[in-house]
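A single chain comes next, written as structure tokens; it is the form predicted alone.
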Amino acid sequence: MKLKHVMIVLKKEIKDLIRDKRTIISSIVLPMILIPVVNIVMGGGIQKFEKEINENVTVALSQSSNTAEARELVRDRILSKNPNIVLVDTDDPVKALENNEIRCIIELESSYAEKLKEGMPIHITLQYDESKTKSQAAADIVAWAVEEFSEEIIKERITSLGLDPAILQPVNIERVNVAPNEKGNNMMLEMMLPFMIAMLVAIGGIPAATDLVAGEKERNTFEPLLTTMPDRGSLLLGKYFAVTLFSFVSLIAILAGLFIGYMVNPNSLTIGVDAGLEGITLDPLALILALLITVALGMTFSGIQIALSTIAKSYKEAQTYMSFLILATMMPGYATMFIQATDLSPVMFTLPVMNTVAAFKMILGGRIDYFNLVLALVTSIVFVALTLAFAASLFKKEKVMFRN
């Protein structure tokens, strides 16, 4: 095996990948366009939906409660501090709820006025349609308004007895955020960005790996390639580095798309949830270690993908194997997606995919632990060696190389 031969094979494979317009368009161009568009559209849709839920909450009194006194109580006392709640007068509130003309029905018990005067509790029923998200949300909003009204009545009654309403709150709670660098406002970013980086690196080389071995077998160009001057070790490394390079090119393209989306709408990065890059300070050494772990992850999966492509007899068979690899990659990614930086365990830093997710969670969460980062890097290097050795062993077996 010679470095010169490895470079020759690498250049040849890169040229082949560049010439394949379908691969370039599907793996680089389309993600740069579609990902920011999808995130912006989804983020805008979520924000619009939240705005619609919290604004113009239309409610009505039930037929039995629809009196002038009840309307005055509900409008001027219960809903007075909530201008987003609109009391609608309708002849048939049940039908109006079914037709989405209102979102919630308020029903007061018949003796509510007498009970209020006597200082007794009154019963208020909220009717809503649980199958409709806006109706269910409206019931929650109205219930909160009723609770506020209830607290006002309690304070009025306490005051009328000559007591200080402050006795109702014997303890005051003050919350102080002690997270470093004002962390805590980027939970969604900590959840999504590490997961996306790990997943994209792990699966980014699949199109290249599928074509560079199984594709060549199908095109009957693989056997002639074995008769050239480079030995099988040089051929393997050349293809291996081409797949690794392509996986990171795909990652860069997709991250570029995410950055474009962020510049257009900062909330697109977290799909509509208010978050951003404010308050995040990156530790340079920790970031370098995380990037090295990411590179090792890409190399690990490049070895697996080359091995699967070598085993496959055709391009379609290789695609089938790669689909299982995608599922196997998603499982550890999703398993760590909702874990916060403070809850990371050392075991996570010893497993592929999990270690990359954990490393970036640690950085974004401001909880740097260099021992775990070094542990992740060392174990990642071990996985790189194992997968590359596995792929090399397959390249030496004639019954595997010429299965077709």
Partner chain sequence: MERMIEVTGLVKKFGDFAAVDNVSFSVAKGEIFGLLGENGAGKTTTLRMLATMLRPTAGRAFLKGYDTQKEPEKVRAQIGILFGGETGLYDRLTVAENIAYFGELNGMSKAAIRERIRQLAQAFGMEDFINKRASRLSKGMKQKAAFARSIVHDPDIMLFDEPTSGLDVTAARDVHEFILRCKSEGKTIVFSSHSMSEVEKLCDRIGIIHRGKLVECGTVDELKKNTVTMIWKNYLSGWWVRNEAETCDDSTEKRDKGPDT
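The structure presented is a predicted model; accordingly, all values stated were derived computationally and were not measured. Numbering follows the first chain given and starts at 1.
In what follows, reference is made to the form predicted together with its partner chain, a form of this protein that is not presented.
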| query | finding |
| --- | --- |
| Heavy atom within 4.5 Å of its partner chain in the model of the complex - residue from Ser131, Thr221, Asn99, Thr320 | Thr221 |
| Of Val88, Ile326, Ile154, Leu225, the one that lies within 4.5 Å of its partner chain in the model of the complex (heavy atoms) | Leu225 |
| Pro332 within 4.5 Å of its partner chain in the model of the complex, heavy atoms | no |
| Any non-hydrogen atom of Glu216 within 4.5 angstroms of its partner chain in the model of the complex | yes |
| 4.5 angstroms heavy atom contact with its partner chain in the model of the complex for Pro230 | yes |
| Exercise: Asp211 in contact with its partner chain in the model of the complex, heavy atom 4.5 Å | yes |
| Non-hydrogen atom within 4.5 angstroms of its partner chain in the model of the complex for each of Glu72, Asp76 and Lys81 | no |
| Those residues of 381-396 which, in the model of the complex, come within 4.5 Å of its partner chain by heavy atom | Lys396 |
